[in-house]
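Taking the form predicted alone, here's one chain by itself in structure tokens.
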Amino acid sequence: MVKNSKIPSASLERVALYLRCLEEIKSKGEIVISSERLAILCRTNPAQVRKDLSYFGEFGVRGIGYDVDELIKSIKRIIGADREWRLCIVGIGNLGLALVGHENFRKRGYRFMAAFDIDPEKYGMELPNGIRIQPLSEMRDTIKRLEIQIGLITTPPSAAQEIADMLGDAGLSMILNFSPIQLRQKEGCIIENVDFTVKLDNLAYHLKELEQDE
């Protein structure tokens, strides 16, 4: 059970990272892990690991560590990774195609149920996972009929806000935006913006600093 409903987003992201590290060491046959080792694997510190996990309850035994399998099950239950989530995607260009075909979505329980685009020439085209591209006019009915829960946006920036509004009007409260623009959120709708160029700018800054130190 989550102890604190106001959990920092950074802690949630780290807990998801802990899950991936735990799954990796479980695959190697390890059954117990300390906060020190988990911190090293996840590039953080033991105090941060313990603090992040404390938001969700009491885990581990002092002096022994965490039972890997039990901690995996607990984290999956906490973050909702122990069930299937239904997705739709809007904008089937190169990025959209890459995301739909990405094996990691299926492995982690995220299932693409529908795909939409504005280009009539793409309507009816079958994607690698078997779904067919539909026009935007079918979005609302399809989302309700298939009980879709999360929408992904991979459209050009000029169309992204309109699409986000359409997804919200269709009943979605969770949107992941890959378009390089910060979208306005309607009340009751959470939007996560994923801008690859921001990450590249961060790398460019560090590269510049390294060059200046030479």
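Being a predicted model, the structure only gives us computed values, none of them experimental. For every residue, the number given is its place in the sequence shown, counted from 1.
Below: the form predicted together with ligand NAD, not depicted.
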| query | finding |
| --- | --- |
| Residues 11, 49 and 78 all lining ligand NAD in the model of the complex, heavy atom within 4.5 Å | no |
| Heavy atom of residue 204 within 4.5 Å of ligand NAD in the model of the complex | no |
| Proximity of residue 178 to ligand NAD in the model of the complex, heavy atoms at 4.5 Å | yes |
| Partner proximity in the model of the complex: residue 194 to ligand NAD, non-hydrogen atom cutoff 4.5 Å | yes |
| is_contact(residue 95, ligand NAD) in the model of the complex, heavy atom dist at most 4.5 Å | yes |
| Selected contact from 174, 42, 159, 68, since only one has a non-hydrogen atom within 4.5 angstroms of ligand NAD in the model of the complex | 159 |
| Candidate from 163, 53, 152, 38 lying within 4.5 Å of ligand NAD in the model of the complex - any heavy atom | 163 |
| Ligand NAD in the model of the complex: contacting segment from 114-122, 101-109, 140-148, 79-87, heavy atom within 4.5 Å | 114-122 |
